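In structure tokens, one chain follows: the form predicted alone.
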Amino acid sequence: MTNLDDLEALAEIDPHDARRVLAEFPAQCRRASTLRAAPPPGIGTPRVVVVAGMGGSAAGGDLLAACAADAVDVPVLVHRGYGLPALAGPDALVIACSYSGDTAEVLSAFDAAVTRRVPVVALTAGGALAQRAAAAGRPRVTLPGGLMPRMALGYLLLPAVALLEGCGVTVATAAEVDEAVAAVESLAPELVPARPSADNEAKRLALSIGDRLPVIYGGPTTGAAAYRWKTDVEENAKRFALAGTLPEMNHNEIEAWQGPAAKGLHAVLLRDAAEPPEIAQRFHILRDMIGPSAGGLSEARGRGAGRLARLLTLAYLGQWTSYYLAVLRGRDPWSVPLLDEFKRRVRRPSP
């Protein structure tokens, strides 16, 4: 395996300099917190918010929904697919998220919103989505380009927080956004390649997981971060990962942690400082029950006082952990050849 403290080896495996993009994530978040829709949506408080997105462009919606779950009385739903759910009517707000602007499913959702006369805001760096928003006279949050969608999480989350605040849906206050950005800025130096493994949580997690299959579990709040960790591992490290949420996995998936196959798994428990006592109890019991059979078990926690800060820093830790897992396997963490080929075939006209 690659020595994670060998900076020259990292440079060879990572020719696109994904490590620089991850190191600059705090600056991305700082800039993202200032982005606003133009023109302003000019609508009242929606009955429901639908975030339409796929892949990395949907991750911001997942974290947004997790922050909103028990904080506001307006449901925030993430829609992954073509069109829109039936509940997206004139009293809803649709946020069409596609970093590239060319995601077929998001374009379909945007078109459905225009047809149904549902208020819709485009969150994109350009592409067809930006063009359609301009043609239809719909608001757009213009994102800086040049990134992989999964590495643009700040741009895909924080402008949406500000957008909802302007519509009377306070998922996080301005002070909580500032705290979240400051927490990411504080965490970043602890995770970069120059910080040695002995003092780098992301490197230690990657080394602990090693060749085992990572299984990431979150609670009611951190479940969204667990799914984000899974997809980052899959895209960056090009290896399978599983994700689940407590308490649901206690009612089914826990049975799979029996027998010799469990030795090939590494559980990562994503904890939250504000998790309810009953969830903390379930994590403790889960650790006691699967720890002896698992190949390994780790815990991770987000930083900060507010929920947004804790989720964003936890997601950031996952990004770096997946990066180091890619490096350990000698895989370029930037390129996604199978994903690109699949998109190319989807775009190809049918014979």
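As the structure is a computational prediction, the values presented were derived from the model and not from experiment. Position 1 is the first residue in the sequence shown; the rest follow in order.
Omitted from view is the form predicted in complex with a small molecule, to which the following refers.
Within 4.5 Å of the small molecule in the model of the complex, a heavy atom is found for all three of 55, 100 and 235. Of the candidate stretches 77 to 85, 196 to 204, 214 to 222, 149 to 157, only 149 to 157 contains residues with a heavy atom within 4.5 Å of the small molecule in the model of the complex. In the model of the complex, the small molecule lies within 4.5 Å of some heavy atom of residue 343. Among heavy atoms of residue 339, some come within 4.5 Å of the small molecule in the model of the complex.
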